[in-house]
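The chain below stands alone, shown as structure tokens; this is the form predicted on its own.
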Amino acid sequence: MELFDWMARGGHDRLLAVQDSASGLRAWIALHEVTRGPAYGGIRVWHYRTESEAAMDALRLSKAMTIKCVLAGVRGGGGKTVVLANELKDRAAAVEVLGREIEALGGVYRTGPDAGFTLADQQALARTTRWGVCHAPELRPSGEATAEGALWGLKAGLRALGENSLSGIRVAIQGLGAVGLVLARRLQESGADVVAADTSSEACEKGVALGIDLVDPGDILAQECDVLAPCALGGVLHDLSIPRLHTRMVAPCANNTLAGPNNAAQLDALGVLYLPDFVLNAGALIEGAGHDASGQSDWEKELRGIGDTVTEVIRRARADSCSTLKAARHLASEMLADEKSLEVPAEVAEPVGA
């Protein structure tokens, strides 16, 4: 399908191509929804096979961010930037150029770090734009917020399975990065039994320091556990990996954990409860966007709301005999439709002669 057709069908607002020959910058900025507030979404620096593949990734991720905003109660829409890592020559200069492009949008797009976007990249971005606001310096690290919100969602999922405590619950975590390590610590503090894997020796050392049992990364998805929590990259649950699972529930903090939408039904058929990642991992968005709008720093009540959303998604999925993925998307669509139906017509909001 051509890009314009894909954008039209997906309801995207715009797709911007950004390039700078001197630095090697080649990037796409996708804005999906800009009518309900700023478009929020991080910058991903990744190796793509083609420019069109990168563009499609930006479009898909930006639409997912709109759904995430709606379900998280954030007054905003979805955006996403992807940078073709294999084209970069001068990385700092490239990020500065990208920052100037984001600045020129005038605040309609507000961004933060995503996969492959480093601390040095964040510092370079801050030199040329004010709109890297998703993770303001005064906020705690985004991994803390994401893990806290995910824990509330994970608890709600377990309650749907008849478990009212984390004590003795076995959780397998794929990836001990900024989110996975914090989630592991919080789970341990709640009495859960944690097993994990990571390809980074440094991350594994941090896991050992916490007393986490480590397994080979190739074996983590097949662990006997109550909860599988993918916290690394997306696409890990697919036609080949799903039959290997030995878990009651999948609670992903990583984005796009499912390789395709049909994999949600595949998990259902195996009796595995899937918690949609865009519901579960919204903690950093809630804190970052909320702080951007109000300056508030305590978001515990809003993060607890992730658990309420998970409960409602599961209820709808069971009532409608559909996957939780489909139920979550339908819920977001209904919420957007309700918003539009409550909008005050312009002729009422602004009387003649005002």
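Only a predicted model underlies this, so the values are computations on that prediction, with no experimental measurement involved. We number the residues from 1 along the sequence you see.
Quick note: we don't show the form predicted together with nicotinamide-adenine-dinucleotide (NAD), though the next part is all about it.
Residue heavy atoms within 4.5 Å of nicotinamide-adenine-dinucleotide (NAD) in the predicted complex occur in exactly one stretch of 258-266, 156-164, 94-102, 176-184, and that stretch is 176-184. Looking at residue 281, you'd find a heavy atom of it within 4.5 angstroms of nicotinamide-adenine-dinucleotide (NAD) in the predicted complex.
Contact check for residue 222: no non-hydrogen atom falls within 4.5 Å of nicotinamide-adenine-dinucleotide (NAD) in the predicted complex. Interface residue remark: residue 200 is counted as part of the site for nicotinamide-adenine-dinucleotide (NAD) in the predicted complex, having a heavy atom within 4.5 Å. Residue 146 belongs to the set of residues with a heavy atom inside 4.5 Å of nicotinamide-adenine-dinucleotide (NAD) in the predicted complex. Among 242, 195, 233, 272, the residue placing a heavy atom within 4.5 Å of nicotinamide-adenine-dinucleotide (NAD) in the predicted complex is 233.
This chain is drawn without nicotinamide-adenine-dinucleotide (NAD); in the predicted complex, the residue among 253, 237, 250, 82 with a heavy atom within 4.5 Å of it is 253. Each of 68, 142 and 217 places at least one heavy atom within 4.5 Å of nicotinamide-adenine-dinucleotide (NAD) in the predicted complex.
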